[in-house]
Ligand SMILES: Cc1cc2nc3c(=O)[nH]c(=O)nc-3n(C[C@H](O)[C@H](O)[C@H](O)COP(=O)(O)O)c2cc1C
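What follows is one chain in structure tokens, specifically the form predicted alone.
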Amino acid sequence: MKIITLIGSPHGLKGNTAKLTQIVLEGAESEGATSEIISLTGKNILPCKGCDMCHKKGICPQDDEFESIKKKIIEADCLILASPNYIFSVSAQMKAFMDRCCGVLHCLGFEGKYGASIVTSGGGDEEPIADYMNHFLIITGVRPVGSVWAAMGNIGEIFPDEIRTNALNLGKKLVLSCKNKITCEETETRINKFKDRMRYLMQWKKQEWTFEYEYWKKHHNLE
């Protein structure tokens, strides 16, 4: 089982977000998963230009690493998103990735995968950001199993036992949920509701968004 983890921190693999992520992955690897961490530097994923080519052709024309990262996610079993709290939201690096996934969410292109979210902050307000990232996972077709966060200003540089345990358990839960295809009624309802919304959108824009319309015909039984 393969996990792709995206870390949207300007501190890369040396920051607190990466440190908390490593504990989650430790739990996942204890259940037999393998993992790859991708640091979103701000240069490997550029901002979306709103050109609509992903809808029309299925590929973004920008010269960066988005398409190769998207391919790795599609080939993996699970996706973890990790971001610091930057002004009550995800970092610019993580937001750039999310915005570039417009075509992915139109097609629920990560459908069938499982996921989780990780947030760190200086002083709090992590839960809404974790919920936001998990919502993003849902509208791309991923089934999130939960989240973990830490307010570093309250704990110093060492994660207390409670947070460490929560992080380890989240990693284990992610792998076991994926292995056993565990579903949650609320998540399934949200995925299906968004899928119905996108189905209508595909029918409305079928003349313009040719790639996505054909994708829906092939993968989602669109008439």
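The numbering used is simple: start at 1 and walk along the sequence shown. Small disclaimer: the values here were computed from a predicted structure and weren't measured.
The next section is about a form of this same protein that is not shown, the form predicted in complex with this ligand.
Position in contact with this ligand when the complex is considered in the predicted bound form, options G112, P128, G124, G146, heavy atoms within 4.5 Å: Contact with this ligand in the predicted bound form is made by G124 alone.
Stretch from 69 to 77, 137 to 145, 102 to 110, 82 to 90 whose residues place a heavy atom within 4.5 Å of this ligand in the predicted bound form: Among the listed stretches, the partner-contacting one is 82 to 90.
Close approach of M152 to this ligand in the predicted bound form, 4.5 Å, heavy atom: Yes - in the predicted bound form, heavy atoms of M152 and this ligand come within 4.5 Å of each other.
Close approach of N16 to this ligand in the predicted bound form, 4.5 Å, heavy atom: Within the cut-off, so yes.
This ligand contact at H11 in the predicted bound form, heavy atom, 4.5 Å: Residue-level check for H11: yes, a contact with this ligand.
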